[in-house]
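The chain below stands alone and is given in structure tokens; this is the form predicted alone.
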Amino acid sequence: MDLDSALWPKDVQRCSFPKFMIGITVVTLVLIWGVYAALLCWFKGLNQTNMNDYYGFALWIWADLAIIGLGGGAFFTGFLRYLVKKDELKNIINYAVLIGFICYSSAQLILGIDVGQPLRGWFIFWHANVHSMLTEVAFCLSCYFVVLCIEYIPLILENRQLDKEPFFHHLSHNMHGIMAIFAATGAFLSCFHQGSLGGVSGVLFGRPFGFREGIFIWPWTFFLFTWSAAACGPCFTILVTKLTETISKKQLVKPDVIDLLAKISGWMMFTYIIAKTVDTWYWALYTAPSKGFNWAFFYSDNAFYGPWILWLEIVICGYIPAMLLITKKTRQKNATLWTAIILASIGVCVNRWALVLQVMAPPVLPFDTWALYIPSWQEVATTILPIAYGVILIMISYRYLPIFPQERELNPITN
């Protein structure tokens, strides 16, 4: 047994080390391209971007909110596993934590580039603006990332060689024993930062496309963002799991586990999309007219901000995947399951696109025109950077850590 195979989880099979390194090298080249673009933004400034006076929130913030929404599978699956006691989800919770860890660390990386001066990032904690929703987002986001780190550490310690050390073995075992506390903490923190990210556009009364009524100080978007993350985040977890199974040519999680998570996600999405429809209807008939605008004013004939966005988000990526997931026959059919989880993942990204970029596009003054925005290659490269980083971390974690408890049972090694 060579050193590489000695690090694999027990009784599993992995590809050869040269083949693994070829894959790592290809993704690393993409990573280097993104790092180069990030360095340009840090050393030369945000003039490397195409952001302007209209678009202070642009591609990076859209990617940040989309990644956080997709990473919602971590807090919601943890909530179901440890607090609701859905024990079947213990076989996918490790991967949900890994995906959440990647999403939230990527979000912080993107913010570090967007700030332009990451060395001053600590200002938001030391000189906190207590009247800003973004301050609450920064605190909860940072704290929840620490929670994800704590949840990810036991997986690292369960590496076959590290687990031989009594200290690491007992440490990981004890951390698993108190994981319900961290799951509850993570769910609490996630609800607030997910909600506050939605609340940012909801309180912009000078940008009526995103402005919403609400409860006390919280606009409807506060609750809808948390709801959509809990609904679509598990779909993204299932999507990445299915992609991993396809690439590895193995079944890693039993169908009943996927079916349970997909069913819960489907009902969450169904209730969410009804609430989103009511929210949109109320905004179109009451909120927008109260600000002196017809709802159609906020949808342009250009390719970026047309009415197609509304249909794509609510109907194609909302009701369709929800119905596919709550129906047992379509949920358990591979083709329709793939369709549903892909559409749901796209849907949450479209929602964030509309509430980050479309909010800024419509003219709000008589002499204004529609403001269009095309990201620079530096913005695109640094947005792809976290994807490459995530792929590398998944490759390493899958190869050397016991991510899938059912893998040995589903893929027995035959001599």
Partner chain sequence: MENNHKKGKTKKFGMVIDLDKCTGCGSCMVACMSENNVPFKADETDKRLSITWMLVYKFNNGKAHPNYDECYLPRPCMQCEGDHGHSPCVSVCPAVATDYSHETGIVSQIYTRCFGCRYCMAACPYHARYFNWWDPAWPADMEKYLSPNVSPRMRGIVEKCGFCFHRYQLATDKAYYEGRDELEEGEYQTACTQACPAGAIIFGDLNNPEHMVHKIAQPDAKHHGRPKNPNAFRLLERLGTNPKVYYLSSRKWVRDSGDNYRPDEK
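Residue numbers count along the first chain shown, from 1. Small disclaimer: the values here were computed from a predicted structure and weren't measured.
Another form exists, predicted together with its partner chain; not displayed. Remarks below refer to it.
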Heavy atom of residue 208 within 4.5 Å of its partner chain in the predicted bound form
yes
Counting only non-hydrogen atoms and a 4.5 angstroms cut-off, does residue 200 reach its partner chain in the predicted bound form?
yes
Please check if residue 141 has a heavy atom lying within 4.5 Å of any heavy atom of its partner chain in the predicted bound form.
no
Counting only non-hydrogen atoms and a 4.5 angstroms cut-off, does residue 387 reach its partner chain in the predicted bound form?
no
Would you point out which of 63-71, 346-354, 22-30, 41-49 contains residues with a non-hydrogen atom within 4.5 Å of its partner chain in the predicted bound form?
41-49
Under a 4.5 angstroms heavy atom criterion, identify the one residue in 246, 294, 271, 302 near its partner chain in the predicted bound form.
294
Within 4.5 Å, heavy atoms only, which of 312, 326, 153, 134 is in contact with its partner chain in the predicted bound form?
134
Scan 6-29 and write down, in order along the chain, each residue with a heavy atom lying within 4.5 Å of its partner chain in the predicted bound form.
none
Having a change of 3 Å or more in the C-alpha distance between residue 214 and residue 73, I'd like to know whether it is closer or farther in the predicted bound form than in the form here.
farther
By 3 Å or more, the Cα spacing of residue 224 and residue 214 differs in the predicted bound form; is it closer or farther than in this view?
farther
